[in-house]
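This document opens with one chain alone, in structure tokens, the form predicted on its own.
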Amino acid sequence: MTVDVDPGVDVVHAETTLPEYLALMRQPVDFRALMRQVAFAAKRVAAELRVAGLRGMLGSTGQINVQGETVQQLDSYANATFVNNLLRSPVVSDLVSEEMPEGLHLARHKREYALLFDPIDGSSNLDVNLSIGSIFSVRSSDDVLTTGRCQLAAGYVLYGPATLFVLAMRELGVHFFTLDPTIGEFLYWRGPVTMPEKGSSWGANEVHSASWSRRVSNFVSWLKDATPHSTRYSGALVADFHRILCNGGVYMYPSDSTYPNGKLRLLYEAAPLAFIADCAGGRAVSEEQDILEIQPEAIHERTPFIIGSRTEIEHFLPARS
């Protein structure tokens, strides 16, 4: 099987590995090196997840992270795995993680990229063996606190029935790679992926619905009644977004009384997923503006988040008061 690519490049086969694909697409050598290290960390995390229960790696460490959240053992393991692999990278100048209070600044000599990441998204699913993920954003070393449009690339890893590496690059779009555990490589699966213009499902944590704004509540009523959309919500952002990316629809985590500024972190959750959606023809907004236009002021800044197909998102926008 072969995959159609832009004229002027070699043919990508289904057996093409992630590094081979990036080489065929003439991506810079340093970027290819960075993606190899991110992919290697993801393979290590995927391998540990398969046997975490047998090794006693489930459950909490008893610690609270900078977000005020309980740290799971696999949160700590995944963060250490990503950091330790990237510390050796000759091309990374800065690391920002959900699990670290401050960004980690490395020597700048010959290092041009910053990597911002959530090592484990969906920690509440760990003990019940549901899908979780890792999210990452690639920026230049000088653009950590800039708008999401300055991202050079973004992606996520979905640890589910298969382990998927999803990578978005502005000039190439969104592409899927599947981990073949028999050879330890991510192999090209499909792309460029386009998000459907309209979907039939939506997801949100409705436990907070009593304190949503009227605009959000009216939007949810439209999703439920006028269309209607089925409810799909797993508690893992990566898993829920992946469904929307493939099938269309909308996912939302708006502001509420508990999180008046939103719950999701802008730099390593909302912005990279917004970048992926944008590359696939979708869109992401806070309750006030496009996620990719928000100017961050701190590495752990939060934001309200509504992402999905353009039909749904553009229905939400005219309702603004």
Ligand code: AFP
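Numbers follow the displayed sequence, beginning with 1. Just so it is clear, the structure is predicted and the values come from calculations on it, not from any experiment.
Below, we refer to the form predicted in complex with this ligand, which is not included among the displayed structures.
Heavy atoms within 4.5 Å of this ligand in the model of the complex are found in one stretch of 22-30, 38-46, 261-269, 284-292, which is 261-269.
For the marked spot (E15, M169 and Y188), a heavy atom within 4.5 Å of this ligand in the model of the complex is absent from each of the three residues. A single residue from the set S200, S217, T146, N205 has any heavy atom within 4.5 angstroms of this ligand in the model of the complex; that residue is N205. Scanning V174, A114, A236, L74 against this ligand in the model of the complex with a 4.5 Å heavy atom cut-off leaves one residue, A236. Although the partner is absent from this view, S93 stays clear of this ligand in the model of the complex, with no non-hydrogen atom inside 4.5 angstroms. Under a 4.5 angstroms non-hydrogen atom cutoff, this ligand in the model of the complex lacks F82 among its neighbouring residues. This ligand in the model of the complex is not approached by F275, whose heavy atoms all lie more than 4.5 angstroms from it.
For the chain shown alone, L158 is not a contact residue for this ligand in the model of the complex, no non-hydrogen atom being within 4.5 angstroms. Contacts between 116-140 and this ligand, taken as any heavy atom within 4.5 Å in the model of the complex, involve D118, I120, D121, G122, S123.
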